[in-house]
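What follows is a single chain, given as C-alpha cells, in the form predicted alone.
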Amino acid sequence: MSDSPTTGLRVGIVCYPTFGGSGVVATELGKALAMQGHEVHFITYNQPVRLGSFHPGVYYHEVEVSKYPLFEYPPYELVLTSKMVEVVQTHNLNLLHVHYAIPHASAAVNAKCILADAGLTVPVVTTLHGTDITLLGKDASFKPVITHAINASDVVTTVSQSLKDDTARLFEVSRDVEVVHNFVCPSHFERPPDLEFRSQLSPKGTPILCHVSNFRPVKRVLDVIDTFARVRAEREVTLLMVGDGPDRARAEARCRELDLAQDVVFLGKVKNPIEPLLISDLLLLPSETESFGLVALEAMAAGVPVVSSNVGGLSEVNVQEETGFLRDVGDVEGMAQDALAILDDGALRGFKQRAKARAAEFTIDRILPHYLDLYHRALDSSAS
C-alpha cells in the first residue's frame, strides 16, 4: 500500500457534510477526482449535501456514533478513527485527505498509527479551512492536538496565504505548508438563471443584492441589513438573504425596525446557493473573518461583483475596484457607497465581466492537478 500507484488512486476523503465551504470544496474535489478515474470514499456522519445521488467511482461510508450511558458526549473522533481504519483496510486506500484540523486530522493521524501497527503505510493529507485555525487556534485547550495533527500529517495545505500566515502565527508548525486555493466548477454555472423567480423578487427589474451565509455572528448579518438600508434610501433595490442560523431572527427584527421587510426576502437554507446567485446583481459579504470566502468566488463565477470586508483571504479573491470593493469590518456606510457605485447603470456590466474573468482563475481544472501532485508527493515520501 505504500507504493505510489501508476493508475487511478483510491482516496479517502473526510469532511463535514454540511453547507459550509470546507464540505463543499471537499465534495466537489472528490467528484472531480472520480471523473478522472480515481476511486473516492467519503467518510463522514452524513452524506455530503453537494454529493448528489450517484456518481461512478464515489462511495460513502457513514460514521455511526452510539450513545452509551457512560459518555456525556458521544466520542465522534474515536469512531471516526475506527471507521477510517476499516475503510482503508477493506478498500485498500492509498491515502487519506482530511478537511479540517479537528477532529478530522487528529483522527486521521491516530488511524495512521493504528494502520502502521498492522504493517500498512497510509499518508495523510490535511487541508486547513479557517475556523479550525483562526477560532479553535485561540483556544488553549485545542492547541496541542491541532499542532500535533498538523505536524504529523504528511502534507498540509491551506486555502489561502492569509490562513497559512495565521497557522504559522498561532501554532508551532515544524513543517512546510502549501497554499492551494479553493475553486469553482464551471459546469455548475452553465445554466440559465431562473428569470421567473427573479421577476417575482423584483417585478420592476430593479437590482437584487444577495447575502449567503450560515447567519452566525462572524458573518455580521446585521451589517448586511444596515448596508442595504443605506442603498435602499438612494434607489429601489431588493435584498435576498440565503441561509439560516442563530442571527436570522435578529436580522428579521432589524428589517422590521427599519421598515424594510417588504424589500427583503429570507430564503432559508438551499442546497445549491449558485441558483440564487445567478439571479443576483451584487453580493454583500461583511464578515468579521473569512479564510478564503468561497461564496465570494461562487458569486463572481456567476458574474456577480462583491462588496466585502477586507479580512483573511478575501483580498486574494476579490480585487479592489475590479471585481468589487473591500472595506474595513463594520464600515456599512462605505459598503453602501461601494454598492451604489457598482449598481450605477454604466458600471455594473463591467464589474460583472471582470468578476467572471477573475473567477476563471480559480477553476477545478487549475486546482486539481496541484492536489494530485501533492498526493503523489505524499505517497512517494511515505514509500521512501
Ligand code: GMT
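Numbers follow the displayed sequence, beginning with 1. As the structure is a computational prediction, the values presented were derived from the model and not from experiment.
From this point on, the text means the form predicted in complex with the named molecule, which you will not see here.
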| message | At 4.5 Å between heavy atoms, is V159 in contact with the named molecule in the predicted complex? | response | yes
Check: Applying a 4.5 Å heavy atom distance criterion, does G243 contact the named molecule in the predicted complex?
Finding: no
Give a yes or no for G21: in the predicted complex, does one of its heavy atoms lie within 4.5 Å of a heavy atom belonging to the named molecule?
yes
When the contact criterion is heavy atoms within 4.5 Å, does L239 count as touching the named molecule in the predicted complex? no
- prompt: in the predicted complex, do N182, R216 and S291 all reach within 4.5 Å of the named molecule through at least one heavy atom apiece?
  reply: yes
Residue within 4.5 Å of the named molecule in the predicted complex by heavy atom, from P286, P123, P273, G130, is G130
In contact with the named molecule in the predicted complex (heavy atoms, 4.5 Å), from 229-237, 243-251, 292-300, 190-198, is stretch 292-300
When the named molecule is considered in the predicted complex, the residues of 89-111 having a heavy atom within 4.5 Å of it are Y100
